[in-house]
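Only one chain is included here, represented as C-alpha cells and corresponding to the form predicted on its own.
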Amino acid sequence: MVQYIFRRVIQAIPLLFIISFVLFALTNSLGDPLAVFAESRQRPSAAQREALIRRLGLDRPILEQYAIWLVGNDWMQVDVRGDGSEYAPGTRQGVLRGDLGLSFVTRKPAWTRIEERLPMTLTLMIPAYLITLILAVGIGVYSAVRQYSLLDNVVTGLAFFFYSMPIFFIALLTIYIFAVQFSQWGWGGLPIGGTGDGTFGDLLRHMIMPIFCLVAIQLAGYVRFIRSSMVEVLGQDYVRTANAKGLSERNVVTRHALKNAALPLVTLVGLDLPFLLAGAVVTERIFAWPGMGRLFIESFERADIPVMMAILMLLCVLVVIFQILTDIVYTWFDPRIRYYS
C-alpha cells in the first residue's frame, strides 16, 4: 500500500505541472491584469505602467512568465525604466517556495485572501453536504428496497424536477417563498443575504436558504445514483442467498447490499469533496455570501490572476489527494481490493 501511494504521488507531480501551465496560460489570456489600476483615483502614468509591467514580468513570453510564477524571479533582473539605465532585483519567491503572489486588487498575498473567505465557505458547504449525504442514503436505500411504491414514485418525480432546475431559479424561488411570502403572511421572513450581525443564531438564520438550495440541487442526483446502485446490488445472487438463509431485511440491506453499493458512492464523494472548498459560485453570489465562490468570480471579473491561480491550484492539489484517499477507502469497503506496486 505504501509503495502504491508513493507511486501515485510521483505520477501526480508531472500532471500538476501540466495542469498548472494550462491554467496559467488560460488565466493570463482573460484580460488586462493592470486594468484594476484604472479604477483607482491615482491612475499610473504611461511610464509607471510600463515599469510595473516589467516588474511583474508581463512583457515576457508566456513560458518565462510561467517560470517566474513557479520558481520566482530571484534569478533575473528587471529593467525598470526600459532603457537599460536602472535595474531592480526581483522579489517574487515563486509558488514552489510558498509564494502564491500578491492580489492585483488588494495588494494582499493571494493565500491571505483565501484564508479570509475559506472559513465562510466551509461553514456553508460542510453542513449542506452532510445533510445531502444523510438524506440521499436514507431516501435512496428506501426507494430501492420499496421499488415503485408511492414514496418511490414521489421521490423520483421530485428528483427529476429539482435536477432539471437551474440553481439560480431554485435560489430565486426560495427567496420568494421563504423571504417575501413568509413576511406577507406574518411568519417572519428569512434574511435574503449576508451573514448577519456576527451572532451564532443570526448566522444560522442566514444559512437556511443557501443550504436549502445546495441540498435541493445536489440531493436529486445523489438519490438517483444511490437508488440505481442499490437496485443493481439487491439483484445479485449473494443478496438472494442471504435472504434465503432467513436473515432480517435490515441486516441484508445494511451489511450485504449497502456496503457493496457504496463503492460507486465513495468515488462520487471523493470527486466532490475537493470542490467543497471552491464554494458555490451562483448560490454565494445570489445570497451575498462571502465565500470562495464569490471570491473567484470577483477575481475573474477584475483579472486578479494571482488569486485565481491560487484557488485553481488549491483545487487541483486537493483533487489528487482525495483521489488517493478514495483508493485507500476502497480497501475498507471491499477487502478483495489490494494495491501492489
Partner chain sequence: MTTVNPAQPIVRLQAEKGRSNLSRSLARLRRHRMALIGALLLLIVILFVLLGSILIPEAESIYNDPSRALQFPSNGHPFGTDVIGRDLLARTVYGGQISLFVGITAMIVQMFVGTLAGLFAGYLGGVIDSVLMRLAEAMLSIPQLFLALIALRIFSDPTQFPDFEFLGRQYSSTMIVIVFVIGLTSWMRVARIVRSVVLSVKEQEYVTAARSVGARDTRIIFRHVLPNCIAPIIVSATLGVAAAILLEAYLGFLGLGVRAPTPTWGNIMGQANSYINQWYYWFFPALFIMLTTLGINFLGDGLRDAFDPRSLR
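Positions refer to the first chain, counted from 1. Remember, predicted model here, so these are calculated numbers, not experimental data.
Below, we turn to the form predicted in complex with the partner chain, even though it does not appear here.
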**OP:** Quick one: from Ile68, Ala278, Ala51, Leu273, grab the residue that has a heavy atom within 4.5 Å of the partner chain in the predicted bound form.
**Re:** Ala278
Original post:
Which one of Ala288, Leu30, Ile62, Ala47 is close to the partner chain in the predicted bound form, taking close to mean a heavy atom within 4.5 Å?
Top reply: Leu30
Original post:
For Gly221, is any heavy atom within 4.5 Å of the partner chain in the predicted bound form, or not?
Top reply: no
Original post:
For Pro166, is any heavy atom within 4.5 Å of the partner chain in the predicted bound form, or not?
Top reply: yes
Original post:
Applying a 4.5 Å heavy atom distance criterion, does Leu26 contact the partner chain in the predicted bound form?
Top reply: yes
**OP:** Would you check, heavy atoms only and a 4.5 Å threshold, whether Glu116 touches the partner chain in the predicted bound form?
**Re:** no
Original post:
the partner chain isn't shown here, but in the predicted bound form, which of 120-128, 175-183, 253-261, 136-144 has heavy atoms within 4.5 Å of it?
Top reply: 175-183
**OP:** For the three residues Ile19, Met308 and Ile311, verify that every one has a non-hydrogen atom within 4.5 Å of the partner chain in the predicted bound form; reply yes or no.
**Re:** yes
**OP:** May I ask you to list the residues of 219-237 that have any heavy atom within 4.5 angstroms of the partner chain in the predicted bound form, in sequence order?
**Re:** Arg224, Val231, Glu232
